[in-house]
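The chain that follows stands alone, in the form predicted alone, written as structure tokens.
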Amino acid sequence: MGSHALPRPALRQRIRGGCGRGRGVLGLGATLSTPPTAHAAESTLGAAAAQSGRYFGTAIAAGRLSDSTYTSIASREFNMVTAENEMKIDATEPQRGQFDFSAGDRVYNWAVQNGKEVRGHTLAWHSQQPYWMQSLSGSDLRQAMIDHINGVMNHYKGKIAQWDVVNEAFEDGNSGARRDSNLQRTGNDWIEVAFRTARAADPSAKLCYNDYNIENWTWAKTQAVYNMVRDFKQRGVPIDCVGFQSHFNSGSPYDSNFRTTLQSFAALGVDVAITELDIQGASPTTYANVVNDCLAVSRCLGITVWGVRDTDSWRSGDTPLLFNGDGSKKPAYSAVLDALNGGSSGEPPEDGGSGQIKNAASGRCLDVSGAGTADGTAVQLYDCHGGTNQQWTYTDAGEFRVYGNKCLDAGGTGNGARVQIYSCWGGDNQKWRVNSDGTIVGVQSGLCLDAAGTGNSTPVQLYTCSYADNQRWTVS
């Protein structure tokens, strides 16, 4: 883990469908349908991710395995585990040639006993080296690195799904240079040697390069790692995957080009994984965007969040995870689960239908202002009355249609963007994801359908998903 523009501690430790058969979580007796889904919805993160052949994992600390709230969440929700610190260099080889796997084995055994796979983290890194390794240089350090990789991988041979072979080897900033570490000073080929050593030690494990601040495609550091991976693939250096730590915060924010980054690396012939995800403030929209980015790239293996609850996070003050300290689920959890379930967790409907869309906060209906039919007519809240301007049909394409040929249309992609009706033309601004928590999310923007108040004629707009009642909808 890197500083990611913040100080580093010493250790870092849908209105919803299913309306066929006359019942849906949009409301009892609802007839509005959701788009067909290939799977029934799952109720946990790991199971939902597994529907697409991916995993959703977490970092586990051995010292927290006696906390029943911690282990209850971890065993229920995740299907992949990364040891937070217990497989790093200082933990596994505290004295040269004397390995200690007690803490690492505790995490590994808990994971296997609870039916989870394990990612290994990490074999070669400039940080968290034991004192004896910090004092070495040159060929002696190079040999120590090789011996350490062999020792750890031999112990876990055939047991680890992916290894972060090398961690954080590139500088921050605009240079695109290698980090000036003791390992780098043994020779520029040290990363290649680490990967070749790892392949020989355990041919069955996926071998990954792992780093932070390489999510934004335009950044020099991202391009430097991309060029290294391309070179390795061209020369036959055994690299199987790239891990994107994805610590998003005000100094290193999420950018929508993250999907481009994942796609570009995957095009080189490597798998990609999101390995240490946490998001300052735990924005539900950003969490859903990251999940959808992974789902959009066939070679994205899965996602790991770096900790279970906010209180377990290495940056607990940022409240960056999916669970509060008391173990309760945060709005971001619902956003992630819904995204993993394909945007809707209801059963596929037998047929479509029309109905009113009622706002949970006000009890008023989604209404075309003045019963207008012209393109650009605003959508508002109004007392439910059953008129044709309040009858909406949800299509297999993800549109909400009114009057048969007009679509619910987003007039922009930012907070406060106008919602209106417009002639249906198939654009993403006319497609909506119907979610299990009662929200309706614009496909183009990732923002929620939002009522700006509760009275008659209140405008309906797009806004960042907060999962408050003014963003929840049912069919009456």
Ligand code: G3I
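Residue numbers run from 1 along the displayed sequence. Worth saying up front: this structure is predicted, and the values here are computed from it rather than measured.
Omitted from view is the form predicted in complex with this ligand, to which the following refers.
Participant: Would you mind fitting this ligand into the shown chain by superposing the local C-alphas on its pose in the predicted bound form and telling me if the pocket reads open or blocked at 2.4 Å from backbone or C-beta atoms, 3 atoms or more being blocked?
Facilitator: Site status: blocked.
Participant: Given a 4.5 Å cut-off on heavy atoms, tell me which of 291 to 299, 140 to 148, 380 to 388, 161 to 169 is the interface stretch with this ligand in the predicted bound form.
Facilitator: Answer to the contact question: 161 to 169.
Participant: Check, residue by residue, if 362, 392 and 473 all come within 4.5 Å of this ligand in the predicted bound form, counting heavy atoms only.
Facilitator: Checked in the predicted bound form: no contact with this ligand for any of the three.
Participant: So which of 215, 84, 367, 77 gets a non-hydrogen atom within 4.5 Å of this ligand in the predicted bound form?
Facilitator: Among 215, 84, 367, 77, a heavy atom within 4.5 Å of this ligand in the predicted bound form occurs only for 84.
Participant: May I ask you to choose, among 232, 258, 156, 125, the residue with a heavy atom within 4.5 Å of this ligand in the predicted bound form?
Facilitator: None of the other options qualify; the answer is 125.
Participant: So in the predicted bound form, is this ligand close enough to residue 99 to count as touching (4.5 Å, heavy atoms)?
Facilitator: It does not: once this ligand is placed as it appears in the predicted bound form, residue 99 has no heavy atom within 4.5 Å of it.
Participant: Taking heavy atoms and a 4.5 Å cut-off, does residue 338 contact this ligand in the predicted bound form?
Facilitator: No, no contact at 4.5 Å.
Participant: Though only this chain appears here, would residue 121 touch this ligand in the predicted bound form if you measure heavy atom gaps against 4.5 Å?
Facilitator: The answer is yes: residue 121 has a heavy atom within 4.5 Å of this ligand.
Participant: Residue-level question: is residue 304 within 4.5 Å of this ligand in the predicted bound form, judged on heavy atoms?
Facilitator: No.
Participant: Give, in sequence order, every residue of 260 to 288 that has a heavy atom within 4.5 Å of this ligand in the predicted bound form, or say none if there are no such residues.
Facilitator: Read in sequence order, the lone residue that approaches this ligand (within 4.5 Å, in the predicted bound form) is 276.
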